[in-house]
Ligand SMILES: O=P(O)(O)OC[C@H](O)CO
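Single chain ahead, written as structure tokens, the form predicted alone.
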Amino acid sequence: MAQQTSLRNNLQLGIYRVIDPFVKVLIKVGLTPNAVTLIGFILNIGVAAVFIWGAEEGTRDNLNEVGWAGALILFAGLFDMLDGQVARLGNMKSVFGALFDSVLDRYSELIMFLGICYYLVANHYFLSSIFAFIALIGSMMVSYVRARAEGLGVEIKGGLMQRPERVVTIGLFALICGIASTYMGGDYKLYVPGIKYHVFETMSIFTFPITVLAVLTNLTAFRRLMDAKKALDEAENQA
């Protein structure tokens, strides 16, 4: 766990070094951390709109909208990092800003999953839509367990599928799915002799990671719950 946290922190510091020049530009033009947070939220509304547009106007074998939505998810995710850096480098930290960021992050994720579920249901990926909803539940519980534990005086930050990992996983594989559909076709299916149904299709590039996400987010929430229990038990024993 310590090695995983150290690797994550080092990667985060490396990303900060890359984006800091852009952060300084945002500060110079007068953008506040809350404004940056709001931009990220609006972009996530755009993500849902792209998925819904693809569901309504596209066809099951055309996955271009999935790719465009993936690119927009990654771009919107960048603003999740920018708002914190704008606050730190611009000396604009505030308690309300932290609350505003957390609340809009939750709204952003809910709206993104709304678009994903709408797209999957509209295109008859019923099982995948269930896993997407389970992933949504896990994502919310990861954040909730941390917030509730902090309300009880325990700081819990561990786990594999925190928000940055979730955003990158969904955005990256949606983008890859859209690109792959251009070359292999959106309706490509792989069959194995002796098995009645196909074992892989182009859409699996997007839906399989969501299934993995559904499992790992809930495991992360459970792991945080157990870590919080351990910390609370230790605090009670010391009292």
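When you see a residue number, it is the position in the sequence shown, counting from 1. None of these values were measured; they are calculated from a predicted model.
Below: the form predicted in complex with the named molecule, not depicted.
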| item | value |
| --- | --- |
| Location of the named molecule contact in the model of the complex, chosen stretch of 122-130, 81-89, 68-76, 138-146 [non-hydrogen atom, 4.5 Å] | 138-146 |
| 4.5 Å heavy atom contact, Gln162 to the named molecule in the model of the complex | yes |
| Any non-hydrogen atom of Ser102 within 4.5 angstroms of the named molecule in the model of the complex | yes |
| The named molecule in the model of the complex - contacting residues of 165-186, heavy atom within 4.5 Å | Arg166 |
